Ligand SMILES: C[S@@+](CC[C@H](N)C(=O)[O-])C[C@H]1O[C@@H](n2cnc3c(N)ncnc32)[C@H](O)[C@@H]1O
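A single chain comes next, written as structure tokens; it is the form predicted alone.
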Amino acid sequence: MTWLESQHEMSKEDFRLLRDLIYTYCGIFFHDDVRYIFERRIGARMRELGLATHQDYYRHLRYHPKRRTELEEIVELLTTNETYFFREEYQLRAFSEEILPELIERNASRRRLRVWSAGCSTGEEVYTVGILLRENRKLDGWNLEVFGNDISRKVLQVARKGIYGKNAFRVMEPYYLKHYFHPVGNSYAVDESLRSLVSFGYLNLLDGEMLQLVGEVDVVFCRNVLIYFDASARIRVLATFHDKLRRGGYLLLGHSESLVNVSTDFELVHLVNDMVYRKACTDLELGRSA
């Protein structure tokens, strides 16, 4: 009997058990309407491991010595990572033209700025933020850092390598491509001047022990990541962002994401180019800090 002949259709109970196990691991929740995609992608892993039933795969994820490695593998398959440079340009304008000037004034004495890209995928967002920081001459000589994390080790490998095909640059201005990248065959590689201010790390946003490694930051980009979490996990992740942000620090979400009925820890700020969230602070704290 072949693997295809021996595999059973995923039952509702199998789906619930596997879905809840993955949710417990990383907070990503799969609704019933994605069950077909869920089953198809898990089927690929079952075939790779030679497992005939979904109960066998569930037991593998629960008890096998390499269960954590397999959990990382299946989360990689179940989440999408498509992105590109300078995505959601209006929000990036708000960051560079409105948020950065405020942070430069406020942090003038420290001359330090830290940005966290949570769920950075293959790194385009991290490098985009890095470009915007490099382009601001008022930040010359500052201690700058852009940290990107993801739960997928495979996308982090791409990010660290820093080599991208032409499609990743489809909305980027030629100026940036010329000044921050160099051609490598049919692709482009990130120049060292940009690499030097970015770093990447594996991180599960629900793992409290791992999150202790993340220090205080001025801005969090978390765009189109919260959509993978249910309400309970969103609250936990947002509490983490609130804890890591300096007072008056900014949280930038995806254009379809909102904190309405999710969290009251942040205030909504209406900028010229976008609406963003900010960790509450006093008017005095919005001025120059020591």
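Remember, predicted model here, so these are calculated numbers, not experimental data. Numbering starts at 1 and runs along the sequence shown.
The same protein also has a form predicted in complex with the ligand, omitted here; what follows describes it.
- Taking the partner from the other structure, the ligand in the predicted complex has a heavy atom within 4.5 Å of a heavy atom of residue 121.
- Although the partner is absent here, residue 106 is not a contact residue: none of its heavy atoms lies within 4.5 angstroms of the ligand in the predicted complex.
- When the ligand is considered in the predicted complex, residue 224 lines it closely, a heavy atom lying within 4.5 Å.
- Within 4.5 Å of any heavy atom of the ligand in the predicted complex lies no heavy atom of residue 99.
- For the candidate set 203, 132, 71, 197, a heavy atom within 4.5 Å of the ligand in the predicted complex is found for exactly one residue, namely 203.
- Though the ligand is absent from this view, in the predicted complex it lies within 4.5 Å of a heavy atom of just one residue from 238, 28, 51, 61, which is 28.
- Of the candidate stretches 187-195, 149-157, 173-181, 212-220, only 149-157 contains residues with a heavy atom within 4.5 Å of the ligand in the predicted complex.
- Contact residues in stretch 85-116 (any heavy atom within 4.5 Å of the ligand, taken in the predicted complex) are limited to 87.
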